[in-house]
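There is one chain below, alone, in structure tokens, taken in the form predicted on its own.
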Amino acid sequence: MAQNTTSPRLEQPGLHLSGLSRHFRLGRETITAISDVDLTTPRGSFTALIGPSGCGKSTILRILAGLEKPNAGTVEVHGQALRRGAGDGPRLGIAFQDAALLAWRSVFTNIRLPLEVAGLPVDPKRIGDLIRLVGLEGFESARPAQLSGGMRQRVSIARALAVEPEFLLLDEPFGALDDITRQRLNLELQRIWSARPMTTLMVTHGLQEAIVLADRVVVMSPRPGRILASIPVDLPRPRTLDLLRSPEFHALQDQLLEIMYSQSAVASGED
């Protein structure tokens, strides 16, 4: 019987956002991407962030990655204020929708790249373990052009794990793939994450993907982005294809759809 492992260590802080806001100048106008975002997740949990295009999901992720600065609010990861600079805070791994692999490097040398950049020792056995973890045995010497889109994303995820991150950010990692490949890689990512759980935040447009992978699904409003709801995913792991056909899965999907569509109707002025 499958065990339910969707209850992380609630007493330990994971991600904590308080009053987070970010705006941009566009000509003479000020565009508010996110406003007063409050979010707390347990350490070691997997959180999916969903919402309409332009609601600020990726803005939050970029702030957490240190690529942008908020105009207001605070960010803490594992009880530490977010800082920029090598060696500050929990180790971060990140994978984007574009795998962004170096074309002249092999699978093996693409995965070891973050260790080289950070000046950390490269353990060939560990790189080999990551290659096996993401199911790319036999492709160690292949170049990105020789790989399918799904295989390139596997390399991207292995690369994100190379520094043994305590905190993982995923920005639509499978968004550019076809539905069949995406569904298969969702199950693979679940397997990989279950083997090495870490505090994870994933931005996605895929409702099914969010439910399959996450311990909690956080729904954002249209711009300016705010948190509308934080819904626990009380489903057993591993989540199989059979579970996707279950009444429990569809009930949760319907609940999230109702939240999203009701807010979209409010934003568009519909009754």
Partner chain sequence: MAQLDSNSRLWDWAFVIGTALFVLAGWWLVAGVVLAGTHALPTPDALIGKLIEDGAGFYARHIGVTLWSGAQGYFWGNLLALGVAAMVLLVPELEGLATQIGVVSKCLPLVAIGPIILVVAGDRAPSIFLAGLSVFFTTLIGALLGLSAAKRPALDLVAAYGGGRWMQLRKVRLYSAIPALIGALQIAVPAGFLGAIVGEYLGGVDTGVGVALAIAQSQLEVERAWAFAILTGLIALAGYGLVDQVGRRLAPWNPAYASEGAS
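Numbering follows the first chain given and starts at 1. On a predicted model such as this, the values are computed, not experimentally measured, just so you know. Superpose the two forms; the largest set of C-alphas matching within 1.5 Å is the rigid core.
There is also a form predicted together with the partner chain; it is not shown, and the following applies to it.
- Partner contacts here mean any heavy atom within 4.5 Å of the partner chain in the predicted complex, and among 95-103, 175-183, 125-133, 191-199 they occur only in 95-103.
- Using a 4.5 Å heavy atom cutoff, none of Val77, Arg226 and Ala229 lies near the partner chain in the predicted complex.
- The partner is absent here; in the predicted complex, the one residue of Ala142, Ala72, Leu187, Leu113 having a heavy atom within 4.5 Å of the partner chain is Leu113.
- For the options Arg43, Arg237, Arg62, Arg216, the residue carrying a heavy atom within 4.5 angstroms of the partner chain in the predicted complex is Arg62.
- Although the partner is absent here, Val117 sits close enough that one of its heavy atoms falls within 4.5 Å of the partner chain in the predicted complex.
- When the partner chain is considered in the predicted complex, Leu67 lines it closely, a heavy atom lying within 4.5 Å.
- Looking at Arg159, you'd find a heavy atom of it within 4.5 angstroms of the partner chain in the predicted complex.
- Relative to the superposed core, Asn71 shifts its CA atom by less than 2 Å between this form and the one not shown.
- Residue displacement note: Ser156 has its CA displaced by at least 2 Å between this form and the one not shown (rigid core superposed).
- The Cα shift for Ser194 between this form and the one not shown, taken after rigid core superposition, is smaller than 2 angstroms.
- Closer approach of the C-alpha atoms of Ser58 and Gln97, by 3 angstroms or more, is seen in the predicted complex than in the present form.
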